[in-house]
Ligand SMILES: NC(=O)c1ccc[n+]([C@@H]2O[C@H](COP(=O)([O-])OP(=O)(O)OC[C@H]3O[C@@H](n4cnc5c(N)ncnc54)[C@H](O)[C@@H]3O)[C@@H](O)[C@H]2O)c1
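Shown below, as structure tokens, is a lone chain in the form predicted alone; questions about how it binds or moves come after it.
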Amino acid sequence: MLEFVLMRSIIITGAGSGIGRATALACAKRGDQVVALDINGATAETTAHTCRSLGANALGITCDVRDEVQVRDAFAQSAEKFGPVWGVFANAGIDDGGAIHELPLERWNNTLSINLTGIFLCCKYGLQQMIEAGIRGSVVCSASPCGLVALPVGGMGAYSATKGGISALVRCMAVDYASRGIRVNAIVPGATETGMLWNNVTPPEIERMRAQLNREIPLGRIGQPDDVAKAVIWLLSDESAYVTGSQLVCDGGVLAKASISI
């Protein structure tokens, strides 16, 4: 039990790549116990292995966040190995775009199941462990500028609906659990150099789109996963002890910029 007191365990979904992986490594470097969850078990274990090489205790678990049994069991496995969770980064998500009038119901439901229901399930089981153990922990959920504004590229209705839902859910959870000392916040990453950024872009168009994004982002560049991870681990720390219900924007200035040119 002494190990549980001295070392905080952090569960991260979508930890096999991108922002999730970068956050897992950042947590490992500061000495957290890391539980990497991903639908791709091989990438989850690769992230955990890298965390262990950095000197951290780490566990990789295959987990489809759409499946409540898998989420429940993953959180139970984490608790058995490292004790009750102190921090949760509910990050797993997809961007499966399409115009609403053409969007199959199956694709709509799948986007909601992963991006919104998956967040709910991870928060549910993380909060249960914190409450049962009396832990004054921290929950961070991945939102998006798309939950606040529409993008000119179009076809983002399902994704944007889920991200707006996450922002609303975070505000409610922040108020509901504040009396227990549990903080709940959202991270709002802008365009970040991950595979998902280019999901709906054909390979020949990627470099042109990258150059255009670099021109339009006020800071002049697409974000890197490490940029966002640094913001997330601040929320997953005592340094942000008076921050809850916030939407921490990490987008290079995109949301601060008017869409018109004059």
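Position 1 is the first residue in the sequence shown; the rest follow in order. Quick caveat: nothing in here was measured; it's all calculated off a predicted structure.
A second form of this protein, the form predicted together with the ligand, is not displayed here; the remarks below concern that form.
Exactly one listed residue, out of 58, 27, 63, 232, brings a non-hydrogen atom to within 4.5 Å of the ligand in the model of the complex: 63.
Checked against the ligand in the model of the complex, the residues 201, 196, 211, 42 give one hit for a heavy atom within 4.5 Å, which is 196. Within 4.5 Å of the ligand in the model of the complex, a heavy atom is found for all three of 17, 144 and 189. Of the stretches 174 to 182, 74 to 82, 89 to 97, 124 to 132, only 89 to 97 has residues with a heavy atom within 4.5 Å of the ligand in the model of the complex. Although the partner is absent here, residue 161 sits far enough away that none of its heavy atoms falls within 4.5 Å of the ligand in the model of the complex. Shown alone here, residue 114 lies within 4.5 Å of the ligand in the model of the complex, counting heavy atoms only.
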